[in-house]
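Okay, here we've got a single chain as structure tokens, the form predicted alone, with questions on binding and movement later.
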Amino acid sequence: MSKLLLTLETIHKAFGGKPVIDNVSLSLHQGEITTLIGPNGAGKSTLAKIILGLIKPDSGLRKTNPDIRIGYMPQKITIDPTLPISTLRFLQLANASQTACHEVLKSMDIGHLAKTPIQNLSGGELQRALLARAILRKPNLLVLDEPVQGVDINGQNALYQMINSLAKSLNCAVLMVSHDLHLVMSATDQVICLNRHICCQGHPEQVTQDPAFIDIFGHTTAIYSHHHDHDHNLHGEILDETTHAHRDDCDHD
């Protein structure tokens, strides 16, 4: 049984008398990827902040394992364009050594960008830099808010594969907040559909057939199930490593 890192029990939160989170309970286990989805205004960001410990619920319990170490990747950052700060220096602001920062940048395949001003990074490069900063201290819970924001389709696939690899190599729990239903469904172990309360939750294929999910999102396109040991083309087809030919061994509904 994987280690339980964090639980929420019957969490309620309101702002200005308006309920934002109502009766939410969940558990996050080491080694599992959980994706939080829901429409705008569903309370996803508020729930993520409660999980991070940034805000307190009005009622209910937040319980954490004593050994928990949390890494956080925000949806976006705003840096003054006139501020002279390199990608390496940006990571060092997390009180990490230069050696550790170089190593984590290399692990994200952006080691060659260490001296590049962070404002000059492309969308995909910036997301990798933010992810690198989040894993500097080797967290066992990684919270990612829209991790593929501003990234093209090929970059999104690569980032999701990287997140899956990190979950295994760090043996950490991953909580992703995402609107990207199709791609994220093939990159997660469980889905929690939130609309102030938890409408449904479970494995991706199970959730997409739930009436509560369909009521919010409608019927989605095919969901591809795989073990992240191969690449897909733009149509979701598997590419052979040597010939990039289509193979028919990917299960889909």
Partner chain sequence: MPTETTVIMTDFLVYALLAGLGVALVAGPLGCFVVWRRMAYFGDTLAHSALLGVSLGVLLDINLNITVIAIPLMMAMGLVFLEQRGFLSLDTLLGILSHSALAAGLVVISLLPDVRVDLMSLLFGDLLAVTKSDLWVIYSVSAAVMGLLALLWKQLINITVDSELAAVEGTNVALVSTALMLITALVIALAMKVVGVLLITALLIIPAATARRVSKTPEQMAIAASIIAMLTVVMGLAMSWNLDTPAGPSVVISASFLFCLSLLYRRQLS
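Take the two forms, find the largest set of C-alpha atoms that superpose within 1.5 Å, and that set is the rigid core. From a predicted model like this one, the values you see are computed outputs, not experimental measurements. Residue numbers count along the first chain shown, from 1.
Form predicted together with the partner chain: not shown, discussed below.
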With the partner chain left out of view, which of I192, I70, A42, I50 would have a heavy atom within 4.5 Å of it in the predicted complex?
I70
Residue-level question: is F90 within 4.5 Å of the partner chain in the predicted complex, judged on heavy atoms?
yes
Is there a heavy atom of P74 no more than 4.5 Å from a heavy atom of the partner chain in the predicted complex?
yes
Contact test in the predicted complex: R133 vs the partner chain, heavy atoms, 4.5 Å:
yes
Interface membership of T82, the partner chain in the predicted complex, 4.5 Å heavy atom rule
yes
Every residue of L26, K63 and N171 near the partner chain in the predicted complex, heavy atom within 4.5 Å
no
Only one of 93-101, 161-169, 147-155, 106-114 gets a heavy atom within 4.5 Å of the partner chain in the predicted complex; which is it?
93-101
CA of T99, rigid core aligned, shift of 2 Å or more between the shown form and the other one:
no
